[in-house]
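A single chain comes next, written as structure tokens; it is the form predicted alone.
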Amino acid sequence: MGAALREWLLRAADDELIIGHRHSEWTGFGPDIESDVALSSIAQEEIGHARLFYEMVCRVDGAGDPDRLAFGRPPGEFRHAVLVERPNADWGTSLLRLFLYEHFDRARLEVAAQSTYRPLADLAGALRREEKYHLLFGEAWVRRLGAATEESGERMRAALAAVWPDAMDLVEGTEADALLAQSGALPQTPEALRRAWTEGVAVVLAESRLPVPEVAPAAEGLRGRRGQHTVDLDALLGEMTSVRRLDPQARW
């Protein structure tokens, strides 16, 4: 069960780190100062959450360095969803991605809060309070852009159709999920998590006049949960790790 729990924790950590970095790329470029500051704050919090998950991975391992997990692994060892590694497009697309991810993260943390592994349950309870505001921010922008004008609605529908296949990667399970469900460590199957995510997303999309796309998962067969990523991750990690690579032994 330890290996399965480690995989689950690593997924959560990698998701938070990578989407936090993508959010941070908007700093100074938001459509208004309030939104710019808000998304920058969300980025900072997501990266902070990633560190907490990496620390828990090290606890499960009995050793390790959170910084090495974040900045010292090759792309194939990352287990985040492909959705979060894609480069930012326009503001609407980025906020739509935030919305889809945060709905998934809410469902994931609700499951984690019921974990029989007490440190994870306690961490999930604490993170849910911060993540709540991330979701509210994303939902507000999706409603605003989806229903504001005919042009904004059309652009959001096109963006949703473009990102939806990658969003399916969020809820893909692996053998680890079955082991965790059987043991009671995380009492929900990937299928149940997918339903909870889809139902939550569909309500807000309907209010935003955005139909749920009828699109199959990514055609190229990418599976981020299994370490299959795009070249976008190579570039992102090159930027993220540039300082560490100057002196890998430095303490921050």
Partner chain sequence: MSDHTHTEDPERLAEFEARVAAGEQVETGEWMPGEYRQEALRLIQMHANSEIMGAMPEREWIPRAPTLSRKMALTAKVQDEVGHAQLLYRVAETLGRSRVQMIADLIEGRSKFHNVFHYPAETWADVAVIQVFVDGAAMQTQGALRSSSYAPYARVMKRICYEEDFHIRLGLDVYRTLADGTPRQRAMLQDAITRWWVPLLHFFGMPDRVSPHTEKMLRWRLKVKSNEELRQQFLRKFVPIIQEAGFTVPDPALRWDEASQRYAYAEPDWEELKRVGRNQGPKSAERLALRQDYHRRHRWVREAVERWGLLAA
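Positions refer to the first chain, counted from 1. Just so it is clear, the structure is predicted and the values come from calculations on it, not from any experiment.
One more form of this protein exists, namely the form predicted in complex with the partner chain; it is left out here, but the text below deals with it.
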Contact residue in the model of the complex, chosen from Pro165, Pro75, Gly173, Gly92 - any heavy atom within 4.5 Å of the partner chain: Gly92
Single option in Gly48, Gly184, Gly64, Pro211 placed near the partner chain in the model of the complex, where near means a heavy atom within 4.5 Å: Gly48
Heavy atom of Ser24 within 4.5 Å of the partner chain in the model of the complex: yes
The partner chain contact in the model of the complex: Arg144, any heavy atom under 4.5 Å: yes
Heavy atom of Arg86 within 4.5 Å of the partner chain in the model of the complex: no
Ala206: touches the partner chain in the model of the complex, heavy atom cutoff 4.5 angstroms: no
Stretch from 129-137, 112-120, 144-152, 75-83 whose residues place a heavy atom within 4.5 Å of the partner chain in the model of the complex: 144-152
Contact check for Ala4, Gln188 and Gly224 against the partner chain in the model of the complex, heavy atom at 4.5 Å: no
